[in-house]
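Encoded as structure tokens, the following chain is the form predicted on its own, with no partner shown.
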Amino acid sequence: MQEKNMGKRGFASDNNSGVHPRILKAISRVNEDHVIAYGDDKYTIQAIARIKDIFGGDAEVFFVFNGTAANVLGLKAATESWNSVICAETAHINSDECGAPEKFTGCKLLTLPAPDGKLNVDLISRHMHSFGFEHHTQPGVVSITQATEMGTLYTPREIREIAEYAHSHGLWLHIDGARICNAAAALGVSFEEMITATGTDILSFGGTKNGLMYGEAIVFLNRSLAENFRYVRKQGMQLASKMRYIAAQFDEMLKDDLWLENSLHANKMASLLAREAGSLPNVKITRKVEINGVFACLPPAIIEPLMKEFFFYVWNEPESEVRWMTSWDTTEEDIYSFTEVLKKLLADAGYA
């Protein structure tokens, strides 16, 4: 399947996309001469200043290699091993990080059912007990994902409500922002409005899904949590010696709103895909399309043949629900080619 799909844009993940040409050029530009390693270079200093600026200036920023590290180390900075982290069942930290958050923080994950991927105060309150009881873990962090794994969005008001509730019980708020750029683009808000002003304490700021080659940033809006983080990052094996190559990518992504251009395009392509595929017989779009993800139920018999032409993942096998992700480099031609194949497979299977 992978060999047949080689070179063809699929809809499995925005991680599968290439690197934006401007990002490649930015990497090349900093690939000159020698600079001080481990982040003490002008390129990293400049990128950190730019990130601080978009979040309002009062933040601490640390680059790491990938999203799992951003989540795990960000949570570790805010917890002790006897704490627990409250999250949705569908959260990436629970379902797609191979137990890394629990292994490296020592914390228990307390999950909550959230069919739309979103937590709220009523759900979180189910775990607001046993404080001071030494036989139970002590809730320490609420972790939400913006945008969620189900493609849904929290409004700034919803984030603020969760932050205020968490803080009132002595907990921190962490946001997994692997697709934070898509969320900001879809909501039409700034990062400062969505993150800083809502009371968020820690953000995993994603770049890989939005045109970067690699690299994420951990942004501490609550600076006290970053006091000893340089040591946490080093012990966590995420201190890049040649950090300028991560930093240059973020600097370019945030310059001239390239992040916004990429995100708006990916979101637009998802809307087009949902419209075109959803107009076909026996294709049901199962969730509201808010960012660059489309969820759909298909006749089971056509899923495998379709995957051989355009690779994607089955999200819920018993329900024959699939997930299609669009990217910064998805084209309208990709969408129409895909839906033509889908249409033919439906017709061949007797769905007209």
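Please read all numbers here as calculations on a predicted model, not as lab measurements. Start at 1 and count along the sequence shown; that's the residue number.
The form predicted together with a further copy of the same chain is left out here; the points below concern that form.
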| property | result |
| --- | --- |
| Within 4.5 Å of a further copy of the same chain in the predicted bound form, all of Arg50, Phe250 and Glu252 (non-hydrogen atom) | no |
| Candidate stretches 187-195, 218-226, 150-158, 128-136, one within 4.5 Å of a further copy of the same chain in the predicted bound form by heavy atom | 128-136 |
| Tyr245: touches a further copy of the same chain in the predicted bound form, heavy atom cutoff 4.5 angstroms | yes |
| Ser279 within 4.5 Å of a further copy of the same chain in the predicted bound form, heavy atoms | no |
| Heavy atom of Ser168 within 4.5 Å of a further copy of the same chain in the predicted bound form | no |
| Non-hydrogen atom contact Gly106 with a further copy of the same chain in the predicted bound form at 4.5 angstroms | yes |
| Among the candidates Ala178, Ala183, Leu212, Val141, the residue which, in the predicted bound form, approaches a further copy of the same chain to within 4.5 Å (heavy atoms) | Leu212 |
| Candidate from Ala274, Val232, Leu258, Leu112 lying within 4.5 Å of a further copy of the same chain in the predicted bound form - any heavy atom | Val232 |
| Heavy atom within 4.5 Å of a further copy of the same chain in the predicted bound form - qualifying residues of 69-85 | Ala69, Val72, Leu73, Lys76, Glu80, Ser81, Trp82 |
